[in-house]
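Here we start with a single chain on its own, the form predicted alone, put down as structure tokens.
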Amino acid sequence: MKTLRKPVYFLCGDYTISLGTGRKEFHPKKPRPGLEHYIAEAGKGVVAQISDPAAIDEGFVGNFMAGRFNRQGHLGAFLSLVDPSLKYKPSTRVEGACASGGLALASSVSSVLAEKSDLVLAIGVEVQNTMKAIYGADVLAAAGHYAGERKNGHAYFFPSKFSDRAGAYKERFGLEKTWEAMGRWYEQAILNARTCPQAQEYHNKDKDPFASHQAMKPNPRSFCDHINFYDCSKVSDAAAALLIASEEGLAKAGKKTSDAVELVGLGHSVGDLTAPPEDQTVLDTSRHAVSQALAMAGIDISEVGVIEVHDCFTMTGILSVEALGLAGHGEGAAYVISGKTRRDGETPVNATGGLIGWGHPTGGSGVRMAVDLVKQLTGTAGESQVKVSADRPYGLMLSMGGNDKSVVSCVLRRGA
């Protein structure tokens, strides 16, 4: 397995509020901020932490569907909204469905490793509360093979895809156990989101999220066969940003290695978009990307102390636990029910709520995950902070696009 040819660091992360249903500030019939606002706000939160914004050499903007949600392309040319000194700096928009933010990170890393740049600003953004959910579902269907799947697909296209995965898992490994695990994952997401003021479910006051989930049985007449609305990530408007740096870039930013986390493993795997999953109960591409990242880092999953996964649906969270190697095939539900993924569990997962609790600004989620891992590993996560023990000093993130078709995984460790 190849290793990184030089040290690469993540630092100075920041993100906006995840705006959408659940937030007190959100009203679907009132004017709301647009792409420009979110890109500028997240980016300004980053550059405020360094000595000179002009030291930034380049930018990457991860975004999935601004062309349809906002009728806006050419997002790289918004970089100078962050700071006037970034005018004329190279900036590129990258897209890989829900993994667009993860690809912005991977692209930034590649630029640093190629010695094209020493300090890169990565931004992930999506503004998608611009249309009704049923129309948005059609936009998001482009993360699958639209020509081959959409015509005969469910009105709620992606929820139905992961409903099918949930149904297959229930049939093979037990309906009651799977349904309980899905409820526990939802409960965990809400409780964790309440620790993060920017999270979309921060204001959620439900006294018993688990009971609420369990009481809403799947109804195929109104939604999907095997999941309910609580099983789904939020429709969100938000952005996240952070810096990717070489050692020279750290110096230009006025930072030390102890202010940052080091990237020690990177996995990037892409499946065949035109082919259905070989096994609905397995995330093959995610498993491959995680294996790549862990092998590059030279560690085992047992050495990872904090994790961020792409839980677009509660079932995805359970399947991700298995793809990571925390549990064997068919054992993910029991692992979640045991509480091992909770804040005080064996391996805390999604400490600010994940996509279900924090929100899912589609192109921004990968960058948001990285920001949260930077905060966790540097001990700056505030109320969301979990214990990261000295014998398990690594963080891992899994950014997934589509139905497990494009995946970026990073292994991080606090800088010395």
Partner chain sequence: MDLNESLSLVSVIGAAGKMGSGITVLVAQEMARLSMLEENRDKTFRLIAMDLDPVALRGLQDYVHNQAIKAAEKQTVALRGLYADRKDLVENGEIIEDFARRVESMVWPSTDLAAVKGSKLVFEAIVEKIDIKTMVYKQLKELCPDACFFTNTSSVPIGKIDEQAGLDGRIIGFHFYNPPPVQKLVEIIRAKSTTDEVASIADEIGERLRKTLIPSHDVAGFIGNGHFIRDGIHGLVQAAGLAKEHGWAKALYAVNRVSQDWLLRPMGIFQLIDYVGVDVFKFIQDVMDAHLDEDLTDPVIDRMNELGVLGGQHPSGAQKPGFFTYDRGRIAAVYDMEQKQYLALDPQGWCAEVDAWLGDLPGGFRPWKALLMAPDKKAALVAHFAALDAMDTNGAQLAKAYVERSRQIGQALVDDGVAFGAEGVNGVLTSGFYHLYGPINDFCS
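Numbering follows the first chain given and starts at 1. Note that the structure is a prediction, hence the values are computed from the model and not measured.
Although it is not shown, the form predicted together with the partner chain is what the next lines describe.
Checked against the partner chain in the predicted complex, the candidates Y230, Y156, F78, Y169 yield a single residue with a heavy atom inside 4.5 Å, and that residue is Y156.
The partner is absent here, but in the predicted complex a heavy atom of S222, alone among S85, S222, S302, S258, sits within 4.5 Å of the partner chain. Contact check for I337: no non-hydrogen atom falls within 4.5 Å of the partner chain in the predicted complex. Shown alone here, I134 lies within 4.5 Å of the partner chain in the predicted complex, counting heavy atoms only.
The partner chain in the predicted complex comes within 4.5 Å of a heavy atom belonging to D138. For the chain shown alone, K205 is not a contact residue for the partner chain in the predicted complex, no non-hydrogen atom being within 4.5 angstroms.
Stretch 126-134 is the answer when you ask which of 236-244, 126-134, 171-179, 339-347 has residues with heavy atoms within 4.5 Å of the partner chain in the predicted complex. Applying a 4.5 Å heavy atom cutoff to the partner chain in the predicted complex picks out R68 as the lone residue from 58-94.
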